[in-house]
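This document opens with one chain alone, in C-alpha cells, the form predicted on its own.
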C-alpha cells in the first residue's frame, strides 16, 4: 500500500523593519563618547563604563554614523594634543625630553583606552573607508601636532644631538631618557626617525669626527691613532645597542670609518717612524691586526696595506739577495730568506687573518726577488747540504720535517727548478759518497717532497742514488760473507757500486793503487761480475777515501782520514824518505791538478802537514821535493786531511752546469710539444707556445726561442707539419 507525500519548501526572509536612528540621537551618543575621551585624557577614566562606551560606538557605526565618529575622535584627540604640545614647547633644557616623554606616555595610555572603545569601528568601518585604524590615527596626530611642531622639532633635534656630543666628550648623560625618546621616534615610523633624528645625527657625527681625526693625526703616532679610532667605533656600536635603532649601526660606523680612516689612509700607512713599515720592522702584530681590521671595511683599504707591504718586501728582498756579505755565505743567504718568510707568515697569520690575497701577494713578491739572483738555486742546495751534514744530527724527526717544509716553500719560488736539481744532485752525491750525511731518513724525506712537488721524472735519479747506497751495503756484505776467510789480514774494503746514469760523475782516469789494494779490488771485481751478469765496473778513485795508520819516527801514532789519491802518495813513503813532484806524478798516475791539490793539503796546511816540502811555499810546483814531516804533532789520534777545493762551484763549472741544463731541456720541450699536438691534432703557433710554457712551468721557464727551434726540429723529423694554407698552423703526424 503506497501513500503519496507532498514536499513543502520553507524560506527565511530578512526582517524588513528598518530601525532608523535620527541625527539627534547620534549627536547625543557622540557627546557621551566625546566626554569619555576628554575624561580619559584628563586621567578621570575610573568612573567610565567601557562596556557602555563600546556599545555606543558600535551603534554609531552600525547605523552609518562611522564618519561622524571617526572625525569626532580625530578632532577631540587633536585638541588635547595641541594643549600637550604647548606644555612641551614651554619647557627647555634637560627637562624638555622628560616633559616630552611624560606627555607621550599620557597620550599612549589614553590611546590604548580609546582603541578599546573603537574596536568595532576599526574592524567594520575603517577597512571600507580606507582610513587609518584608531591607533595609527593617534600616532599620526601626535607626529603632526607635537613632533613636527616647529619649536618642538628643532629643540628635539638639538637636545638629542647635544646630549650625544656630551657623551662623546666623556660626560655622563641619562641614557634612559635617550632610549625612550628614540624609541618614540621609531614607533612613529622609519621616516620620522630618519628625518627628525638619524640624518641630523649622521651629519653632526660626520663633522665631529672630521675635526677630531685632524686633531688626532697631528698629535698621535699611527698605533695610538688606530687605538683611538677603534675605541670610537666601539663607543658608537655600544651607543647603538643602548638607545639607537640597530639599523643605524652600519651608517654611523661608515661615517667614522670614512672620516677617520678613509680620508687619512695614505698618511697613516706612510706615517714616519710609526707607519706600516715600522710596524713590520718592530713586529707590532697587535697594531698590524688593528690596522687590518679598521682598513678592511674601507674601499681600497686592504689594497693600500697590501701595496705598501709588498713594495717594502720587494725592496728589502732585492737588497737581501744582492747583499755582498750575504752572498759570501750560502747558508746565511738562505737563512735570511727563511727568516724573512717566517716573519711575513707570522704577520699574515697573527695580524691579517690568513688573508688569501695577502698570502698570494707575499708569494709573488718572494718569487720575484729570489729569482733576481741566479745563484739562488745553488745556494738553496748548499743550504740543504749544510743542514744534512751538520744540523740534523740528533734532531727529532718533527723538527727536521719543519725545516724541510720551509725549504720546500722557498724551492717552490724558483723558476728554473731543473738548475736546482743539477746542484742538488751533485751535493747529494758528495754527501752519500763521503758518508757525511747525518740522516738517511731526512734525505729520503726531502726527495719524497720534491717528488710530490715536481713529479717522478724530477727525482728518479735522486731515488736511484739512494737505492745504490743501500744496494752497495748489501753487495759488500755478500762479498765478505763469501771471501772473508781468504782475505785474512788484507786491508778493509768498502765499495759503493753506482749506476752510471743516476750519478753526476764525470769519467776520470784511474790512479796506480798500492799492490795491497790492487789484488783486493780484483777479487771484488770477480765477485761482483760473477753475481751480476752483463755489468761493467770502472773504478772512480778520484772520489774514494781511506783510513791509514801512521807511525812517525818520534813515536807518534795517528790514524789519518785521506782521499784515495793522498793514500797512494803516502804509501810511497814506506819505501823512501823523499820524492820529487815528478816522481810522485809518475809513480801514482794521478792527474796533475788533483795531485797538486792533494800534496798542498798534506804539506801546506798547519796541523795537517804530515809532509813537508822544499822549498816551502803555499803552492806546489813541478820542482818541489817532499819528505815525511817527522815533527808532525796533533792532539787528536784521528786526523782528517781534506783536499783543498772550494765549496762553491767555479765559474767554468757553473757554465758547464748551465750548458748541461740547456741540453737536458731540449728533449723535455720536444716531449711537451708532442704530447700537446697528439691531444689537439691541429694547433696554431701562439697557442702551442702558451701550452708548452704552461706545461713546463713546474720545472723551468721555457725560452720561446728554444721552443721554436724544437718545433722546427720536430717538423724536420716528420713529427709535425705546417698547414699548406696557413704557415702558423701545425698538424700532428701520426
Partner chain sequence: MAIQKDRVKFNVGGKIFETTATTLAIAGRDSYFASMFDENWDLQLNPSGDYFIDRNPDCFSILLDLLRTGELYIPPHVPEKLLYREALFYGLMGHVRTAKWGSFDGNRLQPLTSITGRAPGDGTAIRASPEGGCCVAHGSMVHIYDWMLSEQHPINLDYQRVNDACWVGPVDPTGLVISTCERLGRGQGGMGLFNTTTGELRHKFSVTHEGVVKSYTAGALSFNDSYNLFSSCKGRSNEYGIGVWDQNTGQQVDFFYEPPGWSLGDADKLQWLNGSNCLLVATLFPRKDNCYISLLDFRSKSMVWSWSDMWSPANGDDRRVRDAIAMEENGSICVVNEFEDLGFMDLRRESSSVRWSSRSRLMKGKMPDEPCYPKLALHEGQLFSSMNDCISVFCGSDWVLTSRLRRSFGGSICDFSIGGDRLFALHSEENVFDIWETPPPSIV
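Residue numbers count along the first chain shown, from 1. Note that the structure is predicted; figures quoted are calculated from it, not measured.
Here the subject shifts to the form predicted in complex with the partner chain, a form of this protein not shown in this document.
If you check the partner chain in the predicted bound form, you find a heavy atom from every one of 109, 117 and 128 within 4.5 Å.
This chain appears without its partner; in the predicted bound form, the one residue of 113, 548, 338, 186 with a heavy atom within 4.5 Å of the partner chain is 113. Only one of the listed residues (692, 40, 69, 677) places a non-hydrogen atom within 4.5 angstroms of the partner chain in the predicted bound form, and that residue is 40. The partner chain is not shown here, and in the predicted bound form it never comes within 4.5 Å of any heavy atom of residue 672.
Residue contact check for residue 609: none of its heavy atoms lie within 4.5 Å of the partner chain in the predicted bound form. Contact between residue 124 and the partner chain in the predicted bound form is found at the 4.5 Å heavy atom cutoff. Looking at residue 707, you'd find every heavy atom of it more than 4.5 angstroms from the partner chain in the predicted bound form. Contact with the partner chain in the predicted bound form, defined as any heavy atom within 4.5 Å, is confined among 44-52, 681-689, 24-32, 698-706 to 44-52.
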